[in-house]
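Only one chain is included here, represented as structure tokens and corresponding to the form predicted alone.
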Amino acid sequence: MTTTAITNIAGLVTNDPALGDGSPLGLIENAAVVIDGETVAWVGPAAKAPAADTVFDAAGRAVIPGFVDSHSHLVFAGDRTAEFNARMSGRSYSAGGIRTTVAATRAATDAELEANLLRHLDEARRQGTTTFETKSGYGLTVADEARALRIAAAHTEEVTYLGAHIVSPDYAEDPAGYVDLVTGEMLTACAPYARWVDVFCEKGAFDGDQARAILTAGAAAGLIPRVHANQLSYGPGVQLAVELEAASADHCTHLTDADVDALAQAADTTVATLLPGAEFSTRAQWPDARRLIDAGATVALSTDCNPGSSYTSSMPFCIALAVRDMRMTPDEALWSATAGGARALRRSDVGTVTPGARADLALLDAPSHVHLAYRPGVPLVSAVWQRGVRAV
């Protein structure tokens, strides 16, 4: 198997304190990485790097783990430009805008949905994302939800069944009937393609009792829960996520002290995934990452890439927002966008640059990872390795 050494790295982020400077980022200066096939074989000082078949000179630039985007909605058709324009002109965001995308997605062919998915994946990869989760939720019929998951499963292991995005327009007068569909026939059709089950627990979507029924049914079918929790208002989502040992409670914008305490106590089980692109795109209140981190919660950062409330695939952009508006340090934001995302997906093989991990790395056109927040909006990712292969 061919080996590749990436050497002359100014600062290598490993996310393993034991390998580097003792910080959570495990930073190694003047470093090298050796890739063997799809995995990392060795990391350490460049002067001690073992021989490899090929050598890539990082030329004094920084290398970080590939970003792990643990929350996105990429199987859709159309866009919501008009909605965004109206919102930026004064209209507030509510859950109902999803219906516009549902209509466009139902009308699209499989080929059109897959082409759109691949376009967004390529866009994200060029910005350093090497692992991504994506959801259904824009079909809201048995056939459309199943085909969304089937298309997604061809391109990632991290597929989430989100039949409970909103109540289907077809069931507007019968939300209980839609919950029965989501927990019955639709779940049966979708479970073979998914690893996760999710629900939008929010006013205008699903209440706590409905969310519990959906997540419990999903778990009984072998899917692991995650929850859209407390995005638009205070509610039961976070407490439900912790109670059901969901892998993540996502958004976490409106939190009581009890919610924060629950996430801190469940730090090894339930990750608080923050999605600043949504707040940016809706002019909403920012999640308080500092409050969560200081309490001891595990925090992830993700894009929430979707056509309505966060149409960005850029993890660097989300890092810059988190540092500027959510009171995270540059180190914390990078950790949350890599190792934190891996925790939210219950993965130990991604989000780090350590021996045995998957060889997913990004080379920055900068000497330090801090430039991701220091130079917002600048395309700093100059090369990406995914499973040991140069992808960008």
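So that there is no doubt, residue numbering starts at 1 and follows the sequence shown. Here the structure is a predicted model, which is why all the values come from computation and not from measurement.
FYI, the form predicted in complex with another copy of the chain isn't displayed, but the following is about it.
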Answer range among 237-245, 206-214, 154-162, 79-87 for contact with another copy of the chain, defined in the predicted bound form as heavy atoms within 4.5 Å: 79-87
Quick check on Pro330: any heavy atom within 4.5 Å of another copy of the chain in the predicted bound form? yes
With the partner left out of view, is Val323 within 4.5 angstroms of another copy of the chain in the predicted bound form by any non-hydrogen atom? yes
Given that the partner is absent here, does Pro225 sit within 4.5 Å of another copy of the chain in the predicted bound form, heavy atoms only? no
Going by a heavy atom distance of 4.5 Å, is Ser313 a contact of another copy of the chain in the predicted bound form? yes
Contacting member of Gln127, Thr253, Thr269, Thr141, with respect to another copy of the chain in the predicted bound form [4.5 Å, heavy atom]: Gln127
Counting any non-hydrogen atom inside 4.5 Å, which residue from Glu279, Asp304, Glu202, Asp259 sits next to another copy of the chain in the predicted bound form? Glu279
